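Before any questions on how it binds or moves, here is one chain, the form predicted alone, in structure tokens.
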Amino acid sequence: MEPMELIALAIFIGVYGLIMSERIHRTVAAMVGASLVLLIKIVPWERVPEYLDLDTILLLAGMMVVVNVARESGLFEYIAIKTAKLSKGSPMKVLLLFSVVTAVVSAFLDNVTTVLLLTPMLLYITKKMNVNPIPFLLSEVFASNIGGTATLIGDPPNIMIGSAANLSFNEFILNMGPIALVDLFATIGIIYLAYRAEMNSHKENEEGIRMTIMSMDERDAIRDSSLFRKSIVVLIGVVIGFFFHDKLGVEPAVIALTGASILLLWSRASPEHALEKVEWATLFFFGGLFIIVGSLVETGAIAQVANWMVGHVHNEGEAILIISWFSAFSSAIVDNIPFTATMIPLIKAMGSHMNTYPLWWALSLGACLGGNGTAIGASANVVVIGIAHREGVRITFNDFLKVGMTIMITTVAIGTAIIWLRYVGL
């Protein structure tokens, strides 16, 4: 290895180690690593725009502003209560409906934002129903990660993959949507089997539970009716824009920023307040990470790994299996964002040897669903467990692992089989 290649690899491994150990904040680790590769000039300053994926960063920023303004109206709490009332007091129906709502919302909004908004309400509802909240919380976590798999904007790895491979919103829906749908109901089935005794233990009190739930008024959750209506209109408009962005020749980031601008202008909401709540740490983390991975591209380290991998992969079918399962188990242990950032240039480099189109779906599948394997596998997992702990509900690492690993293996197996049948055949 050349000296610069060794230095770039050492910086990457060092940053990755700091992210895994959580000794310092992951954003600080990424910024330090990016600063080093720029100071040493492994990545020339004039090439920074090439590696700094503004499509991903601006798309996230735009959607964060939209969500921050919309949440002030009480929109997401309204959805939660409405969903609970549809269940009419049946624990299994609450589980099913909340899982579906979480998956659908997570397909169009950031997973962490979704669970931040819905978890407190789910805890409130399960407390009113006097049922164990753990199966409901676990189902919510798994549904958020599965729902995020379905669309271009549902999970950060998909945003990165879509930008890198120039994949449209509709392509994600067509390829990952059916997988997410099948995986969601398989997951709900596994949760029910794991906790069926508790689900069926409240049948004698079902009428009391039903009356409690039906007495809740979703309209009480609306804090600003005018903003509530405007938020719905803008969110629907943004989603429609995502569906047709490829036909319009407009990038998803432009649609997200347009939606944010329109909602701020129309609602007269304070831009300072909306921008204050943007996850700037996440955006700077992305930027730093893109530059660090760029150093591996500049020095040829990525190309060497790709060449080694291609030497051991003889066809697309083998590549689909290796990428999906390697991505899943890796993402169950480490953050899927740096992992995806590392894999993207590797798959690009494999393009000289094979068709990489199905490989992007294999990467999306493993990176997004691998997070269901462990309690630290995805940001949404950590957020839900943290909120539950503050409310006196303890979900241990082993509790999560026993169900999560089963669900991860099942859902990745289903997804891999669908991708294989679609692009390789029997």
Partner chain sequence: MGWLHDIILRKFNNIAGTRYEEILKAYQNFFLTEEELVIPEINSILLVFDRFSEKVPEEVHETLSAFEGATLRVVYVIDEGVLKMIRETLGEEAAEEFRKKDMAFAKTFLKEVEEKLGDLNIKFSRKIAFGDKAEYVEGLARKYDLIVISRHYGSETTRTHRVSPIVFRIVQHVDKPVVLY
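Note that this is a predicted model, so its numbers are computed, not measured. Numbering follows the first chain given and starts at 1.
We do not show the form predicted in complex with the partner chain, though everything after this point is about it.
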### 271, 120, 178, 241 - the one with a heavy atom within 4.5 Å of the partner chain in the predicted complex
120
### Query
Considering the partner chain in the predicted complex, which of 105, 264, 199, 80 comes within 4.5 Å of it through any heavy atom?
80
### Query
When you measure heavy atoms, are 216, 221 and 395 every one within 4.5 angstroms of the partner chain in the predicted complex?
yes
### Message
Taking 4.5 angstroms as the heavy atom distance cut-off, pick the stretch from 141-149, 123-131, 344-352, 169-177 that is near the partner chain in the predicted complex.
### Response
123-131
### Message
Since only the chain is shown here, I'm wondering whether residue 113 would be in contact with the partner chain in the predicted complex (any heavy atom pair within 4.5 Å).
### Response
yes
### Message
So in the predicted complex, is the partner chain close enough to residue 279 to count as touching (4.5 Å, heavy atoms)?
### Response
yes
### Task
Considering only heavy atoms, tell me if residue 391 and the partner chain come within 4.5 Å of each other in the predicted complex.
yes
### Task
May I ask you to state whether residue 413 is within 4.5 Å of the partner chain in the predicted complex, using heavy atom distances?
no
### Task
For the stretch 368-391, return the residues whose heavy atoms include at least one within 4.5 Å of the partner chain in the predicted complex, in the order they occur.
375, 376, 379, 382, 383, 385, 386, 387, 389, 390, 391
